[in-house]
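Shown next as structure tokens: one chain only, the form predicted alone.
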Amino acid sequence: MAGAVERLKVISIIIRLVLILFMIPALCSCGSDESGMIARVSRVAMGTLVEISAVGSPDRTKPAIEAAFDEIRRVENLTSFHKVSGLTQINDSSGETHVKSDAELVDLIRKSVRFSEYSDGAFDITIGSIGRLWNFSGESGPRLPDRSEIEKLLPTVGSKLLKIDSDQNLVFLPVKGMALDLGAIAKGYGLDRAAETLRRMGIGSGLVNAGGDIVAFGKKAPDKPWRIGIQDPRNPGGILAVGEINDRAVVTSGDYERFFMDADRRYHHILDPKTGYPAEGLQSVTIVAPDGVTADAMSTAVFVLGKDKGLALIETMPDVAGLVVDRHGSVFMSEKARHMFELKQ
């Protein structure tokens, strides 16, 4: 299976990059403001292709975009699950001792715990131990673990186990083998930090696009919001819906991003913390929220919860909208999403 898995992994990466390049003209077509320019720079970061767009004159946009990419790299170095980082220091000390960590990282961990509580455990950063078994983000590629391997590690999963001292910035994983994985929230946080960097450096309108996950602020041109496309999860390069956003984040979680097939069954990277297996029932979830952290965490939570519970959770959040594609390809939208998106099916 390893050869087939590796081929699927390469194909998946190529498809995602082609889709992103296909979407860029729709997302960021040439426009103008009082300065008459939109600057765009694309680089690989956080495991995907990141494009940063900023409206303004070159003397202002160039240093702002560079600073925004620096901020994304800083967040990646802080939250990485695989490279040496503040997070890996915590994981390496599981079952042994408290770790004094960066206040920023501790705050992100606390926010993650709140999302876990709010979603009844559907979103849970303590899934890291079981995530290692599946190895979707590892260099050697994913694998299908034995059920016994998963069952052995299920007791290490659960945000309620975490011990956090915010006053001292201490984090303790009390069960040996526990591991935090911020992969379902770190990209959203990186988008937020990059957008805030652009604003801080005088950019009044911009868009940060990390593999189709987006934070946009201001307008592309006077009276012209940023226009985005949502990927069709079963039609690479196809657009499922389009919409206009302003001062919002849009994040999609899908079973097509990182997956492999075995015995005609799709295994993907979005794991259900209660079972240790990939969540079933949906193809993709797109969340629109005021910030990237919320959109990122909620897209995972809703995917794990499924259509009915997921949409019900979205409706409890006044500033959040969602679009859900079930296993059959049917599309369902929250009340607010119906006013945001136009389906292209």
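Note that the structure is predicted; figures quoted are calculated from it, not measured. Numbers for residues come from their place in the sequence shown, where the first is 1.
Heads up, the form predicted in complex with a small molecule isn't pictured, but that's what we're talking about next.
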Q: Can you work out whether the small molecule is within 4.5 angstroms of a heavy atom in all three of 127, 257 and 271 in the model of the complex?
A: yes
Q | in the model of the complex, the residue from 218, 229, 141, 183 that sits within 4.5 Å of the small molecule by heavy atoms | A | 183
Q. In terms of non-hydrogen atoms within 4.5 angstroms, which of the given stretches 298 to 306, 52 to 60, 37 to 45, 313 to 321 touches the small molecule in the model of the complex?
A. 298 to 306
Q | in the model of the complex, residue 189 touching the small molecule (heavy atom, 4.5 Å) | A | no
Q. Going by a heavy atom distance of 4.5 Å, is residue 134 a contact of the small molecule in the model of the complex?
A. no
**Q.** the small molecule contact in the model of the complex: residue 90, any heavy atom under 4.5 Å
**A.** no
Q) Would residue 122 show up as a contact with the small molecule in the model of the complex if we use heavy atoms at 4.5 Å? A) yes
